[in-house]
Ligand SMILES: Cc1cc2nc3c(=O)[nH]c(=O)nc-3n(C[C@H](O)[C@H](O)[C@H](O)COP(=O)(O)OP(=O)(O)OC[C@H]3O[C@@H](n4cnc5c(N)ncnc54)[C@H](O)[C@@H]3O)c2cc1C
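Just one chain is shown here, as structure tokens, and it is the form predicted alone.
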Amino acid sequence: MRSRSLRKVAVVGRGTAGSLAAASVSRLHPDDDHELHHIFDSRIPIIGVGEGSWPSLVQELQELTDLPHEAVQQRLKGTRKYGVAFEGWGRRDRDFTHYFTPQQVSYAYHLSADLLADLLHESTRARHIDAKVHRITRIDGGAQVEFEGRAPERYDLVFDARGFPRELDPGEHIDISFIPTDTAVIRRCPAIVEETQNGPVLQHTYTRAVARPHGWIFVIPLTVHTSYGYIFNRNVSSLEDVEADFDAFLDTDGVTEFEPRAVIPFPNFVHRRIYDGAVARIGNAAAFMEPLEATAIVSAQLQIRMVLFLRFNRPSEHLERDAPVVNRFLVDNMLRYGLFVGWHYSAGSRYDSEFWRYARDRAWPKHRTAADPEAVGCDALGKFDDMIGLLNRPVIDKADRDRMCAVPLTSYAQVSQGLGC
């Protein structure tokens, strides 16, 4: 059996990506006699922010949990997300919505990250190891995990879901600072969507992305609370100025009380070695970019599914040749997401502020150098340019209408029209 090369698997991390990976191994491994270790440090809390997703998660959670869609949504205290509503973005000073396709039919979830981890935990058959991991290294025939206070263990495959690095290393990471933000202020506010007693909330909801002088604010409605986050650049705006504008926004939004949750600095990057044949970096360990288009969960889904499909269906003797091909594809896809997100800033916003001038005139123009094929080892930039070229045609041929560059052409078209590009 091809899965004999995958007898012992580890997942390190209990956030969204780690929980998805552990549940996926439990559900998808073709043999019952494999050993799965789910490793996490219980001293590291999951920040229970509200998260958005893409429609692919709806079907995947049903498959992983064996629960009906309605039950999954209720367990997540979730609402049905039909797209992203942009307010104040672009040169037209006109609000617009990026809908999932088919419009007003396809939906994703707004969900609570900590509840998602708990739900997937129930669907995972694994030995749970509560320990701090010092190092994950590739060794002959697999990978080794080194712990604090216990002996190291060898595995055939390790999913590394420990989150983004503290600092970027140019040798390991592609810096995508053409995305101009690097910090999030998270607040939890009262619910604006009421939970029902007889089933899940069916009303259409949207993630709001509201342009503000220092960046933008997301608004994610759950049935237990509403998650707000101010996304900004700490080198352009002070935390004090951001907090003051956040207060003003909540006041105009009719929010009279809130719970501060966290101030989270983050890098925008793609790891150069997402998958090396023995270690698969997933989620925020593989790449991170601000949450404007909810790319985090859908990226983790792709990374996990692709690695598991390869390891379950390809003979082990092909592993050394397969790994670089898969890695290049994943790096390319993450960069395409990054280019799509950064492009949103290219037309500015209704605010002629220091942040928006920096985002439009200084950060976004870096994308050609940052994603240069010679520097990154793939042609994500060329594929992105092709999509922009399609939008500029007077007529798009039928054969091109299903084109993808991380997201479908319909997404590019909606955002382009909304921004006034």
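Heads up: residue numbers just count along the shown sequence, starting at 1. Owing to the predicted nature of the structure, the values given are computational and were not obtained by experimental measurement.
Beyond the structure shown, there is the form predicted together with this ligand, which is absent from this document and is the topic of what follows.
Across the options 157-165, 173-181, 335-343, 247-255, residues that bring heavy atoms within 4.5 Å of this ligand in the predicted bound form belong to 157-165. This chain is displayed alone, yet in the predicted bound form one of 117, 186, 211, 308 has a heavy atom within 4.5 Å of this ligand; that residue is 186.
For the options 297, 304, 274, 76, the one in contact with this ligand in the predicted bound form, meaning a heavy atom within 4.5 Å, is 297. In the predicted bound form, this ligand sits beyond 4.5 Å of every heavy atom of residue 236.
Shown alone here, residue 283 lies within 4.5 Å of this ligand in the predicted bound form, counting heavy atoms only.
Remark: residue 46 counts among the residues lining this ligand in the predicted bound form, judged by a heavy atom distance of 4.5 Å or less.
This ligand in the predicted bound form comes within 4.5 Å of a heavy atom belonging to residue 291. Along 246-280, a non-hydrogen atom within 4.5 Å of this ligand in the predicted bound form is carried by 264, 266, in order along the sequence.
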